[in-house]
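Next up: a single chain in structure tokens, the form predicted alone.
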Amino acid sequence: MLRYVLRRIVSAVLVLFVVITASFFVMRAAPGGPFDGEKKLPEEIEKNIRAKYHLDKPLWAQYALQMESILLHADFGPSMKYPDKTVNEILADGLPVSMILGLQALFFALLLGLPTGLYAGFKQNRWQDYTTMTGAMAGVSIPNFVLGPLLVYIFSLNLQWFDAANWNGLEKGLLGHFQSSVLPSLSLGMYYAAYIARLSRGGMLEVVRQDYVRTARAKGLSERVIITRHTLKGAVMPVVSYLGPAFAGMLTGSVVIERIFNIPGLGTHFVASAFNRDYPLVLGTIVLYSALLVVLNLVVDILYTLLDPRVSYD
């Protein structure tokens, strides 16, 4: 296991190196630039700004300076849009917000998707199976930019149960945070809940056909014992393999939700930096998302060995 983890760490470093390189050159190859605004800057001011961000140097020199700053100091430099802040500070401010939103969305996705999918798989080809899978299909089909405003209209504007756009972290306690975060968390997690339901149903269908489950039934064990002791662990394996990419997808896919519910997370900064051609901030968010995806996939692989001792990476 240790050798496998070390190999994955080395490969992760290589992947991040490729991501940094590709992002650096793709950003500069795209049409437009950080100074293509409606109001033209005076030539002397633009010259000073270019010198500050090393844009007056050849492209290879800019790349070398950027790689040196990232690899040796883990520093992406100052933002072009917010010159009084560094990219590291902006990421440090937005990451906790996006992480909280993503974790809550993952919690709702597991809470809704896992039991319904397992139950549907255990009741294959019955009305419970058809009903839950119809709901899962609807959850996969409805995009979050449609679901979000719909939930706001029903539960915020009409019923007034939750806040629509008043994200306050934990400043008003758990109850206040719940009221302001449940709608965006549900909007973000509903698609993943539907997908988890389909995966867990498939996992359950595969497990219940195994010989050891038939043997357990032949011994007269109750259905509750069969589910909890014999089928549950094997049925959730497809879901476990999906959790890493799912959580990374929630973080990177929360851009629309953060805009709809006015949440000050990374997604807002990522969109703004792309429009403003804020090269350091775009690169910082891309590298951060890539690092999270690599780490989460590694965690999932390790969890696999804990759930299924037959899996070995040595």
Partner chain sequence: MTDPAPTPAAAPETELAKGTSLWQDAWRRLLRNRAAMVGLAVVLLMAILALTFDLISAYGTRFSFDEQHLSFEPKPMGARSVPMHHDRLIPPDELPFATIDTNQDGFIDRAELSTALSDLEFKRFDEDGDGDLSVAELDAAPIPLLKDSAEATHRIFDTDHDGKVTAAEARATEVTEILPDGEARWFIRKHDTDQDRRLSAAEFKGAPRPEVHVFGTDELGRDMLTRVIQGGRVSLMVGFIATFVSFVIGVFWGATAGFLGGRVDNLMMRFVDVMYGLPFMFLVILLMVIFQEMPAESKLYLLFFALGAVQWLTMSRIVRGQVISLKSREFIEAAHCIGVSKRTIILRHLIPNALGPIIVYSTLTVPAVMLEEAFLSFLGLGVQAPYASWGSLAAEGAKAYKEYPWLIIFPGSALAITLLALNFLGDGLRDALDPQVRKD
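As the structure is a prediction and not an experimental result, all values here were calculated from the model. Numbering follows the first chain given and starts at 1.
As for the form predicted together with the partner chain, it is not shown, yet the points below apply to it.
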Have a look at 96-104, 151-159, 211-219, 71-79 and name the one stretch with heavy atoms inside 4.5 Å of the partner chain in the model of the complex. 151-159
With the partner left out of view, is His54 within 4.5 angstroms of the partner chain in the model of the complex by any non-hydrogen atom? no
My question is simply whether Ala30 lines the interface with the partner chain in the model of the complex - judged by any non-hydrogen atom within 4.5 Å. yes
Val282: heavy atom within 4.5 Å of the partner chain in the model of the complex? yes
4.5 Å heavy atom contact, Ile286 to the partner chain in the model of the complex: yes
Give me the residue from Ala92, Met137, Leu111, Val225 that has a heavy atom within 4.5 Å of the partner chain in the model of the complex. Met137
For the partner chain, considered in the model of the complex: do all three of Asn125, Ala274 and Leu293 come within 4.5 Å of it, counting heavy atoms only? yes
